[in-house]
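The form predicted on its own is given below as one chain in structure tokens.
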Amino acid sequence: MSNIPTRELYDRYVIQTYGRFELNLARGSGCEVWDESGKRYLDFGAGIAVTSVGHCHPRVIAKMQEQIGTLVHVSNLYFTRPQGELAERLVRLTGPGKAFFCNSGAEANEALYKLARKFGNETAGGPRIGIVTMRGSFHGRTLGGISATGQDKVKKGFEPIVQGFAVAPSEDGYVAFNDCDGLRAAVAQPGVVAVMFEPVQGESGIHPATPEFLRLARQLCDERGLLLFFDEVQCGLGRTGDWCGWKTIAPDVMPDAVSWAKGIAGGFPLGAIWASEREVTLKDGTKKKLCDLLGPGSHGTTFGGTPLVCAGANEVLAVVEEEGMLENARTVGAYALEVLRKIASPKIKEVRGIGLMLGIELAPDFSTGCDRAPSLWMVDRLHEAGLLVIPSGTHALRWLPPLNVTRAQIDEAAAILAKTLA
């Protein structure tokens, strides 16, 4: 083992693609982590909504230890029980259809783009490749992901974007989130095949879709023969207090496909999509289910859905279900929203959220006295006080604690925030 300090190891050997904070984290348990010096922090970032059942949950550890001593990896040329069981669980939680497994949210969204291309090229009325996405969205760091993302900052230096995105008749090619008129105009463009958005935008600072927007998206896609995709990488699988984030907002709406990652396996690398059994008509007049469009050889990944990670994900989702974490996300999330809104500080413009996705927007005139963005400056100060949170843009903070966070921990985090603001 090297005796070089951790930070120096990164400076020497790790490509600097992240603006990292000055913390060397060493271990975690539940909603808490400790750095190399032994200092404790409340973790209200949870790996950006990843450690859904907290750090090192004993049931998940036991299941992973059992599986790692049994079978870790085989090719997807074969069948393994954990992957089949996880697919069954996801279909049960979502609706009739089938699942595909990969390694991350960006990969899951790439599977959705390919499903849209396949649908647009092989069904009557094609070819169609345009995917309508939203301003302020975030869909990953692949070339397809940054092209789908309605934020210029992720595209700089990687132009030109992938064909088929930025198709709306607006200045930047994206639809303003929750803009019903903008969505109507976008889907009327020639060559559009799908609409894709996050039911709760996360990276832009926690912005939920309105029920009207969700229902209009479904209506327009039905009228025009388009696909409706929900990116639930951050807001899905319990984060909002429901298995499906959109159902917290408009439970009567059903998409054609969904992407997941982050909290699905509690910290192990896994992404997935669900595609519905919607019947589609091919150019030759034959019919096929949407979930069967991506046939053998059309898509794949070496590490997607290994027995090890699927066994862990199955246990994570079982823990969420059996330990009442959906109800906890709803009730403790509502309590956190109430507590945050009681913080009387002119430095807070707005507090918003749904379940355990909470956004704290700082006042526009928030001054740090330095060239550090207010959100980053606040994150630094909160770290000093023992609280980990996630910045969003220049003026927002995200609270994304594990789904089993307690009211006492909410109170502790709110007290730290209030004292730091003061």
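Note that the structure is predicted; figures quoted are calculated from it, not measured. Just count from 1 along the sequence shown to find any residue number.
Beyond the structure shown, there is the form predicted together with a small molecule, which is absent from this document and is the topic of what follows.
Q: Only one of 109, 133, 248, 94 comes within 4.5 Å of the small molecule in the predicted bound form by heavy atoms, so just point that one out.
A: So the residue touching the small molecule in the predicted bound form, by this definition, is 109.
Q: Within 4.5 Å, heavy atoms only, which of 177, 274, 119, 138 is in contact with the small molecule in the predicted bound form?
A: Among 177, 274, 119, 138, a heavy atom within 4.5 Å of the small molecule in the predicted bound form occurs only for 138.
Q: Using 4.5 Å between non-hydrogen atoms, is residue 233 touching the small molecule in the predicted bound form?
A: Close contact exists here: in the predicted bound form, residue 233 approaches the small molecule to within 4.5 Å, heavy atoms only.
Q: So, residue 144 and the small molecule: in the predicted bound form, are they within 4.5 Å at any heavy atom pair?
A: Although the small molecule is absent here, residue 144 would stay clear of it in the predicted bound form, with no heavy atoms inside 4.5 Å.
Q: Although the partner isn't part of this model, could you tell me whether residue 203 comes within 4.5 Å of the small molecule in the predicted bound form, counting any heavy atom of the residue?
A: Residue 203: yes, in contact with the small molecule in the predicted bound form.
Q: Considering non-hydrogen atoms and a 4.5 Å limit, does the small molecule approach residue 304 in the predicted bound form?
A: The answer is no: residue 304 has no heavy atom within 4.5 Å of the small molecule.
Q: Just to confirm the contact call: exactly one of 331 to 339, 157 to 165, 225 to 233, 81 to 89 touches the small molecule in the predicted bound form at a 4.5 Å heavy atom cutoff, so which is it?
A: Careful reading of the contacts points to 225 to 233.
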